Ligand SMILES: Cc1ncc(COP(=O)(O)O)c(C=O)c1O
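Below you will find one chain, with nothing else, as structure tokens; this is the form predicted on its own, and questions on how it binds or moves follow later.
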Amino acid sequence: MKKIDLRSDTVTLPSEEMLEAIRTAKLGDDVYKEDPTVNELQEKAAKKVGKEAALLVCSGTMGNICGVVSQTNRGDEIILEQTSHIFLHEVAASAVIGSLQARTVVGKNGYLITPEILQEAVRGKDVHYPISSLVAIENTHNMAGGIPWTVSETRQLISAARKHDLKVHIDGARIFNAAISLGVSAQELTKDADSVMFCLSKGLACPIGSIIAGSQEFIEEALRVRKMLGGGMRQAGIIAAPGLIALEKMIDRLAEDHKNAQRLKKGLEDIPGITTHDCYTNILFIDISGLGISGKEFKAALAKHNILVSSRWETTFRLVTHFGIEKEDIDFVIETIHNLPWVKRKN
């Protein structure tokens, strides 16, 4: 029986074409900037998000650390939405590595830092306060259900940030999901930001790696931070090779994941005891508290059918569609949940 893993889009496996690209990749020492495959990926990745230069890093977290630390000074304050990945899920890296203080805000609709919210958060000039120097946004915003920042929302925030001399970093782990959902190019979403990170290893299905991009000056400083973190790699073309395939063939394919997520929502929303949240891209949150069972019981029941899910809270689950999950898999998940012993069918 096929394993249907909805825990995250990080569980994607590379395509056969990616594996072949790894095998045949032209290699060199990337610390000397002599790996031709890495150099090609970085050049193409920069163009994808409309930046001068780009840098391959090991992970999205490493990319965010490089992006934030490269543009701030020790003792500064950075502004983040309270459920952002940088704040919740990166082991206080900004504080530990960058000696930065995080000032969190409650985003509108769980994600959006409006100009008004930013205005309230920015510190005034006072000897007692840290200097507000950067604001980071997450697009799509994972904990808000994969909701994308629109072009207008992003530009308004960046315009407000400039009035306070703030740098803007975009945690764009799933920026291409946002672009596909909104029907715009990724460049339109990242155009005026100082830096952006995006993952190759989520919906784009690469086995490892992320990209950070910005000005040439920014990338030179980010390179120093990457080296500090132990991220200087040698024959890294084996990582970059599938990234080239991803940029060429995996971005438009994300629309399939979005359709499958909507199919899943539609199939579950009429089940008494299950509440489906709004679904914007490839992430669907559901609440099963109305079934009268624990999250552990729900997870175990699905696991018996080779369906893997992850809970965010006791009875709230995040279901993520991705490369390798087909329409037929979604239908099987829907049927399985409908047939759980705790589910009462509508007449």
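From 1 onward, residues are counted along the sequence shown. Owing to the predicted nature of the structure, the values given are computational and were not obtained by experimental measurement.
As for the form predicted together with the named molecule, it is not shown, yet the points below apply to it.
- Glu256 falls outside the set of residues with a heavy atom inside 4.5 Å of the named molecule in the predicted complex.
- Within 4.5 Å of any heavy atom of the named molecule in the predicted complex lies no heavy atom of Glu77.
- The closest non-hydrogen atom of Met197 lies within 4.5 Å of the named molecule in the predicted complex.
- Remark: Asn39 does not count among the residues lining the named molecule in the predicted complex, judged by a heavy atom distance of 4.5 Å or less.
- Across the options 258-266, 242-250, 197-205, 219-227, residues that bring heavy atoms within 4.5 Å of the named molecule in the predicted complex belong to 197-205.
- If you take 161-192 and check each residue for a heavy atom within 4.5 Å of the named molecule in the predicted complex, you get Asp171, Ala173, Arg174, in sequence order.
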